[in-house]
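In the form predicted on its own, a lone chain appears below as structure tokens.
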Amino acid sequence: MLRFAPSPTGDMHIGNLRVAILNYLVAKQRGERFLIRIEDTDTQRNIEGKDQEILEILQKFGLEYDDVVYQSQNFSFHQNFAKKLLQEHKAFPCFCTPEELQAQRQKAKEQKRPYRYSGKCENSTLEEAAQKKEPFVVRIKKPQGPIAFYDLIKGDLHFEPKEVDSFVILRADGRPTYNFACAIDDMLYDISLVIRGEDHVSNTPKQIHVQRALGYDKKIEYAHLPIILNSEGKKMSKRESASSVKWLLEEGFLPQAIANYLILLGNKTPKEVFTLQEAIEWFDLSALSKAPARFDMEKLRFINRAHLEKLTPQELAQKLGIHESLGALAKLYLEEASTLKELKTKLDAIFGQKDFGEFEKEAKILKEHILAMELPQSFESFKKELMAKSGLRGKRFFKPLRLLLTGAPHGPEISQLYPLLKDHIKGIVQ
């Protein structure tokens, strides 16, 4: 089984969505189940409704999952496994105060070395904790030897015991820490492969250590995806609009285009524009680049336009929320628009209030004649008749006519627009 394990603490980031997409692809390729595990153990940071928002986004992207579970439902398992480690002296109660630990961190910072737990409470026992009746956290004892694993993207990775450290597995209030809960849940749900961002590389040896301490000997594969950089080559921040999946959808990027682009990132694909279903046929996790991938908005716009062009006029009209008969008109505007939002702006200009500027007088004349005309089928006939009746020529004819029909000084040829607008023209100029 593969899993996507988001936290309901904010908007979904494109990095998270990329992880979800690649887990989905590999699950389909391997014929394994795809699980959504909502990691809601950090109760102070959880935002109400974000779990449902995550699931709705996954559905929009066609990422069909087999089940949804919440990490908090497994608290009793987490606590029982922690108790087992305590009883087997593989973990210990730690009574160090936050002030003591902060002082140790500060000292490590001053000495310019990584902070490591001092080992002060390493020989404490469960019996001692019962006698003291003081609040304590539970720490797992650091491993006796190095922990190594093969990463499907990064290759062989090796961690010394001091890098893993005696980390906290249960907080003083009995809630599990991220690494402990994650390690236990991967065991409980029989996860075969973990695909996630490279910011989790340092967490993996800790999770392997927990599983080994509990006697879990099934091998779990790992693949850590390189980070996504912004246009300036820096790590993409959650504060950047383009990093939010919700924002991209609101801007009019299609889910299939965003998925297409995220699969392309740091990857060599047989073609540039494709669907999720097509990617299942050839996607190769091990072929992904080890280097960070740079997010290119212009490339995403190009991919989005290509997917918009693949839609039928009826499908495009439906996505824009306009009458079906205007779908072909919207397709014509794809020459200069690359998102649904941009297309909507173009169409709104046609049917909205117009500013004629210096051509106010000419626009009024054209409007009067158009409303009085029986509109011919061809643009040539329409143009000749309107020119003859208005007496306008050249710039004084074409500029106000374009503004009258489209609300914009530039755009597709009026001869192309006319047959698509003909049935709406009198309403447009009214």
Ligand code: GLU
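Note that residue numbering begins at 1 and tracks the sequence as displayed. No experiment lies behind these values; they were computed from the predicted model shown.
The same protein has a further form, the form predicted in complex with the named molecule, not shown here; the description that follows concerns it.
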property: Contact residue in the predicted bound form, chosen from K344, R196, R305, H209 - any heavy atom within 4.5 Å of the named molecule; result: R196
property: Sole residue of W282, F95, Y178, F75 within 4.5 Å of the named molecule in the predicted bound form, by heavy atom; result: Y178
property: 4.5 angstroms heavy atom contact with the named molecule in the predicted bound form for R116; result: no
property: In the predicted bound form, I425 touching the named molecule (heavy atom, 4.5 Å); result: no
property: Contact label in the predicted bound form: E362 to the named molecule, heavy atom within 4.5 Å; result: no
property: Contact label in the predicted bound form: D51 to the named molecule, heavy atom within 4.5 Å; result: no
property: Interface stretch in the predicted bound form with the named molecule - options 106-114, 166-174, 212-220, 196-204, non-hydrogen atom within 4.5 Å; result: 196-204
property: Contact set, 1-15 vs the named molecule in the predicted bound form - heavy atom within 4.5 angstroms; result: R3, A5, P6, S7
